[in-house]
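So this first bit is one chain, no partners, the form predicted on its own, shown in structure tokens.
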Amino acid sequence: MAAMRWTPALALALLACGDDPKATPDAMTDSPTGMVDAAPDASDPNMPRTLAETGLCMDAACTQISPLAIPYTPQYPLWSDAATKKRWIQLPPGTKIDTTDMDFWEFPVGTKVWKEFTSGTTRVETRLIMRTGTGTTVNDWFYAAYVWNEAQDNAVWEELGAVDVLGTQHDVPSKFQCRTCHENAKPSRVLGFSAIQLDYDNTTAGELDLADVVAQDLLTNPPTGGQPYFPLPGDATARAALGYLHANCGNCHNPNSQIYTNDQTQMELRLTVGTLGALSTTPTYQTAVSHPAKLPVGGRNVIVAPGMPDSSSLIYRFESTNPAEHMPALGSEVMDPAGRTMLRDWVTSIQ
């Protein structure tokens, strides 16, 4: 029997039965009803239907960015099938980010974070994450992906996502897929604007780094000292691999994730600032290096086998072309060649 290809039309049909074809069972439980929310009124400021209504742009084509939206770039990029990305954040005036827990920043109500994806020279989507409520559940956050039209002069929210947008290989996630990734990183939910991801000297004019955020008094409990405030341990090879896994895998592989709490795997690839004293104390080394794979695959029984990338299940999953085995599970269809080399070099270097 041929594999069923996901399309928005198919998704709509399945949603009529109370299911999202690309959501995991865990993602479904994030919705009180297990079904997509009712379509909001276009004037609802907490659920804007077009990118122009979110406040990012001065015009519908987004040729000018609002001065309230401040650009930034995480130091460890998320691989998205070679798409280039731009990011902006906007905090409500007079507010601060609660950094009582430096590993999980809590953002004030009204915070908006955008990420624009470009495939080749074509803008394909711009995503928004916005905190809308004072609570701590999925209902206090709004997730939306706005898909650009062919004329590149307007972008509209597509709750069900879209595939191969504008003739590219880029797939836009559904609302439930957005929730799947970001809810696994609660309570922060914002993935790239964080202590470790901003802790480098960003020399791009106008972009924020951690030292800028501290200098602008935007954190309730700022780190002391100077940048880097939380340097990663090890040599350049190890630091690159730890950062890559933190950015590309840590949002799911951390103790706050449903993947972890549902006992699927207790591997932790999200770094924490208090464990960076040595390689051996990082969550990655504590739970992956020389540790047995709870779900062995391809005959690999060790997650990271020191010195032996071909015997490591982490490498096997990263390189696998089988969708049932490949990691990361969402957000990518093509393996990152630079990431492959980086991870192989790291595993080979471990003694």
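Just so we're clear, the structure is a prediction, and the values are computed from it rather than from any experiment. Note that residue numbering follows the sequence shown and begins at 1.
The discussion below concerns the form predicted together with heme C (HEC), not included here.
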Would you kindly say which of V124, A145, V213, L271 lies with a heavy atom within 4.5 Å of heme C (HEC) in the model of the complex?
A145
Answer with one of L232, I97, I129, A162: the residue that has a non-hydrogen atom within 4.5 Å of heme C (HEC) in the model of the complex.
I129
Partner-proximal stretch of 198-206, 274-282, 232-240, 83-91 relative to heme C (HEC) in the model of the complex, 4.5 angstroms, heavy atom:
83-91
4.5 Å heavy atom contact, N254 to heme C (HEC) in the model of the complex
no
Quick check on F104: any heavy atom within 4.5 Å of heme C (HEC) in the model of the complex?
no
In the model of the complex, does T265 come within 4.5 Å of heme C (HEC), counting heavy atoms only?
yes
Is T54 a contact residue for heme C (HEC) in the model of the complex, using a 4.5 Å heavy atom cut-off?
no
Using a 4.5 Å heavy atom cutoff, which residues in 178-207 contact heme C (HEC) in the model of the complex? It's fine if the answer is none.
C178, T180, C181, H182, R189, V190, L191, G192, F193
